[in-house]
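What follows is a single chain, given as structure tokens, in the form predicted alone.
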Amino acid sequence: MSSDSKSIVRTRFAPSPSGHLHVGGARTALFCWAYARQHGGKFILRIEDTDQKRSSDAASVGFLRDLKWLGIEWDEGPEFVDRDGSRCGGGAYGPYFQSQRLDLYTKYLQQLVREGKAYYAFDTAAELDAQRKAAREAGRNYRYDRTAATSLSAEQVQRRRDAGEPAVIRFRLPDEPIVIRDEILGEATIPAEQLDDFVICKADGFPTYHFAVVVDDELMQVTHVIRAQEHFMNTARHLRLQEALGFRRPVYAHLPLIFNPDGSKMSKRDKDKALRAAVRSMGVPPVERAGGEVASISADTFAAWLKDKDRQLEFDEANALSEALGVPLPEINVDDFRRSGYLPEVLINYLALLGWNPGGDVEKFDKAFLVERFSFDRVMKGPAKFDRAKLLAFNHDAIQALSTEEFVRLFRAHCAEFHPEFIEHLTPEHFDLLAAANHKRSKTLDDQVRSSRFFIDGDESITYDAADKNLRKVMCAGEPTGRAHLEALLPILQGVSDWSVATLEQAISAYVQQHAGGNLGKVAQPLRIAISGTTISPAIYETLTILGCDATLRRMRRCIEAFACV
């Protein structure tokens, strides 16, 4: 029976806690949330953690924090208190972790077995592999043969179970086609031969995804199931289970998948590929150069990862290796974009455009606009492509639209979470000056972290490549040379008693007018090379002020020594 169109709309997002929140999952959660809000309904968060091998409590917390950061707050679900003290969750249909609902699943499993709609099967993995192999050799699609399992009497089944023989429970699928009615894809008929008797309870006693999701959707009164197209065939199984259990049939809407621009599926393996390519390009495995360990990854773990192309490092290990090798990884998960300094409202805006068209050539909007305009008839059927360049452009525009005060506040919060060394090393005044000086140069909150390391690194860590053509041109070309300007500025800067932006500007400007024909660049560029090792920094007066007198003078002396200019 279809859900009552007059009932309160209840949508749900049900991730498995096997890692951080993928942007595809975030897009699904966003559309579920927006549809519920539009209709005055409820958005439910449910953690599908019945797969014990793939689940972890830590990952669940990561999911919750990611959703909260995006501003996708759930009306019902796991109770969560964020770092700012705000709360989400609770509700009358819990618990909202499937691993805590086993008694409920057992009740309905036993009902199906009792009614002859499901049965115990004792096939071993080897037996099933042999059946699949035989099907391949015969040139036919594999379909589970229920004959042996269903020929057992109730007494035989019980004896084998009492003896401790592993058994799963399979659903007896009716041998007739299944019609799926989807709000996005339309109507489709799945022939009976494309499905077979699938497992609804594993040998460890935990229900499979297919069974638990159907029971939970019914008991939590879910009216609309909005999820990715990769679940479309699963819907056929779920419809049959709903019929067998006498449950309502929710409204289904399957969203297009999200691909990379090259048409490949956007997955966490993209990170692994980037890391492996970087290691290969270095020739000597970095773990050897690190004396048996790199980025806090043990030699054994690193060696096993290198040897097995299907093995992936844990999230924290991959990030640590990325930093150690200086290899940027493609952002895949919400937490990746957060660490990279994207604003949550920008990511939300961009995710909404992946597979949905608001109409009227509108591209930039907030969540209120999405709630007002969202509809299934504007969701496309084909895959969406994730364009990182476009997202970065969105983020750049949003950051430039911020007031300097707001940008400084956001940058401070970003550093407090991901780069505390900047807050610890710089005084509050110098931190604010650094943020303000970089505002108009920043596309993300993390840009200035990467370009401003020289402020907090030791003087000796700054290197000067005298063979670099660009650096050498600045330091040694022309008359006077950049090196000569540095030599002349040393005593002037040594005499500056008030090391501030205004005083430094006055002293350097006077020198520029007298010795560089009023061209600040001829003096500022050699100074940049001296203090950072590169030709890039914020405005020179702010840069010198933040770095401080002693460090500035020491680096100038080292730079003069590095460039002989002969």
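Keep in mind that this is a model prediction, so the values were computed, not measured. The numbering used is simple: start at 1 and walk along the sequence shown.
Not on display, but discussed next: the form predicted together with the RNA.
- Of the candidate stretches 329-337, 157-165, 218-226, 355-363, only 355-363 has residues whose heavy atoms lie within 4.5 Å of the RNA in the model of the complex.
- Using a 4.5 angstroms threshold between heavy atoms, T28 stays clear of the RNA in the model of the complex.
- Though the partner is left out of this view, I536 does reach within 4.5 Å of the RNA in the model of the complex, counting heavy atoms only.
- Using a 4.5 angstroms limit between non-hydrogen atoms, Y93 is distant from the RNA in the model of the complex.
- With a 4.5 Å cutoff on heavy atoms, R528 counts as touching the RNA in the model of the complex.
- The partner is absent here, but in the model of the complex a heavy atom of K385, alone among K473, R450, R409, K385, sits within 4.5 Å of the RNA.
- Though the RNA is absent from this view, in the model of the complex it lies within 4.5 Å of a heavy atom of just one residue from H425, K440, R269, R181, which is K440.
- If you take 232-267 and check each residue for a heavy atom within 4.5 Å of the RNA in the model of the complex, you get F232, M233, N234, R237, L257, F259, K265, in sequence order.
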